[in-house]
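Shown next are two forms of a single protein chain, provided one at a time as structure tokens under the names structure 1 and structure 2.
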Structure 1
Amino acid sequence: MKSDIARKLDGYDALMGEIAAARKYGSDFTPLRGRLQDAVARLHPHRVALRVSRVIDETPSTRTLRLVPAAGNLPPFQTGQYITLFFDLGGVRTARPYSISSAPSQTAFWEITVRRVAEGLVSNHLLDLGPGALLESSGPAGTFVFNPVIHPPQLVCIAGGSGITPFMSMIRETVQRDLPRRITLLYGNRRLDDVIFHAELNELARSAVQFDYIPVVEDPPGNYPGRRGLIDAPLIREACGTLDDKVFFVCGPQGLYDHVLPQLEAMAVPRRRLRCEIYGAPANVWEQPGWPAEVDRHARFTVTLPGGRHVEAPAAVPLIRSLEKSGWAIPSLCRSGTCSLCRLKLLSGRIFQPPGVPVRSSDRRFGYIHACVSYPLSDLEILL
């Protein structure tokens, strides 16, 4: 039946003639079978074995880890992309994404810059590592990149805290390769000694005509001569002038987005000219709009898994962390609700997802949730 239908299609006889000729006179490519997959795997590996070759102190709470391949070569990446590191710490299998802060032209190594987080399981582990330590990562991923096809060559980058890392890669590439772009960086921090890459950024701004650097310190020392307070609309407009020929990139903690995005909206920055990096689950999720007042952030709920197994889950902790601590290895990459690898089906119960989480409408329709940005509001039943 299928072949009868195919014969009625326009061009069927000519196509079959070409197939017959190719089979008779064409080369035998059987020995090359599998080479395409090998080439794709080199460019987009599922896992990369890494070794720490150098540890660089940046601030009292921040270090840069220089990572080299344990074997072979590193795949290429675009500035602004991240890698995800995988860990087994005290029996807890987990993962964390880190933006690459080095430039793509440094093909021999990747650098990630890590700030210590109070009671941070992974950050404390990473910052205690020394040269020679082995790590496992994903290949580079993420879409927080400059696209010269659709973006104008003038970038306004707004960073907060460790959100500077993807911009550092962009800036280094632009300056090192003398690319025809202009970058204006507004970089906010609470204290002066929190500013990562401060000396290098000052030097790059002094020596490179295509880069301007404006640090903004919220609580500086009394004799600080630079910008004070928060990054706001008047400062952004003063720094970048007209808006029509600019693309805006924003990366930092949730507080930066809560403050800066309304400023950009008030300035009538077109949405198509605004790129926001995913930055993980919010620290104090109960302060997010929409958190139900009747749910105590200290409440604990029971999650029922297939086979009748149970996991205890605190309300204010992402569901994926509760599952990991109970011995369940949940696939994940971005830890911010974008990659969909940690998607689970919610059979019963209520969860909270912070505003702006990019969950597909089809997932919402059929009851799928992203465990990395889902918080239990009641007892749950899920399907892994």
Structure 2
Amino acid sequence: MKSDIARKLDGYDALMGEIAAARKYGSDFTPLRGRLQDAVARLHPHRVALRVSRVIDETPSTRTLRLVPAAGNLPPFQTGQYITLFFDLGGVRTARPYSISSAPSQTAFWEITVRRVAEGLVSNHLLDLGPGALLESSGPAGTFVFNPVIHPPQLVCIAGGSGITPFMSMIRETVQRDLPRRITLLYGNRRLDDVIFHAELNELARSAVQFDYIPVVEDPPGNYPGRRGLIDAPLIREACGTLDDKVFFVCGPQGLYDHVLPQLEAMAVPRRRLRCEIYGAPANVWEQPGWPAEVDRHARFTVTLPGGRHVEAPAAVPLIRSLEKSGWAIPSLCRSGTCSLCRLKLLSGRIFQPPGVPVRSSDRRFGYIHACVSYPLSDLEILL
């Protein structure tokens, strides 16, 4: 019918000529079969196959793994970004994020540094790997990055413990490429032998004009000549001089944020000059504000999945872990509530998500939750 109408319109013949020419000379997409997404895959591969090429002892509890591509090239990353490693450990398919500590200009390998955690299923598995072991990772991800469009080129980096890793990448890149930036690193640790990269950081500070290193040890040996205690406002002020031409980066365990962020706020550092890296789900979720007192943290609930299958889920364990433990693989990257890859839809039941988890307003209304920081408060029914 429409073609009958078209025939009577002014300009019809000329347009038919245009169509005939386009069909004759137009570009054909069929040679791109299977390659339509190549340009994206070069930047953001879904998975990267890696091989451990070296294992470097850093401290009594930490090792660095040097990872080379098992095939092809590594995708690019920005300093401060992380990769997520995927594991299948005895039928439990899980994942853990690790900041890349090597510099992006080093394109032959990535390095990650892992601290052994008591009874840490994944960290113990990783730290026992030797050269030649194969791993699978995500592409690099994360927004803990320096943005030259909006950030002043003077960085104050505040690290705690293994939170040093993204900063190593930033510092190495700045020094190696002689970038027009200045970095001051305040690095807090409990004991002197916990300090990762101590020798390299001292050496970089000695040789590079862009970099200052201020280690702070809470409980050092009696004769330790350096700074003792915690990173606090007077130290930050002393290290920074002026504050309003600096951008602050903070990465470390929860205790570091609890201690440092109020001090930065008291010094009136605006949020536009402050970036905090994510660092896992909260340790004792029942201590978070908003946890309902009537729910026993030892309670166990039943989760019903599509197809009517059931999984048991303790209240105080992130939902994603209970699902993984039962053999379900849930996509995830950051495992800290932020990347949103582990979203799933709650069809019925109640969960607890700690305050500050960036859940979109309509997701709250329609029950889409971030499984890595969601804790069951009742029996649940979910859609994957």
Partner chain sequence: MADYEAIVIGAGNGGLTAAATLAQHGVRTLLLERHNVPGGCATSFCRGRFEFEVALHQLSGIGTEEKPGPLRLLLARLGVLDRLELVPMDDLYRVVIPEVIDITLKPDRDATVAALQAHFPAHKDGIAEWFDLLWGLFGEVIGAFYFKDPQVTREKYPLFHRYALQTSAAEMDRCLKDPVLKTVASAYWTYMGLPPSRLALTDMAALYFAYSEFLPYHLRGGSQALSNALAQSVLDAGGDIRFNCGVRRILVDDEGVAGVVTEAGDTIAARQVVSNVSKVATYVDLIEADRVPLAVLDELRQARIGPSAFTVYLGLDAEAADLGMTASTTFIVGDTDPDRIYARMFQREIGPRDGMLLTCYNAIDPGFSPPGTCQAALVTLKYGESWRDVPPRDYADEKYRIAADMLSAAERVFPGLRGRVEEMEIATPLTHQRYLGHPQGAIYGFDHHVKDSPLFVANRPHIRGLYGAGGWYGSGGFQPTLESGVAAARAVLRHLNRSEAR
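Residues are numbered by position in structure 1's sequence, first residue being 1. Between two forms, the rigid core is defined as the largest C-alpha subset superposing within 1.5 Å. All of these numbers come straight from a predicted model, not from anything done at the bench.
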{"query": "Answer for which single form is the form predicted in complex with its partner chain", "finding": "2"}
{"query": "Per-residue C-alpha change between structure 1 and structure 2, Leu347, threshold 2 Å, rigid core fit", "finding": "yes"}
{"query": "Per-residue C-alpha change between structure 1 and structure 2, Gly308, threshold 2 Å, rigid core fit", "finding": "yes"}
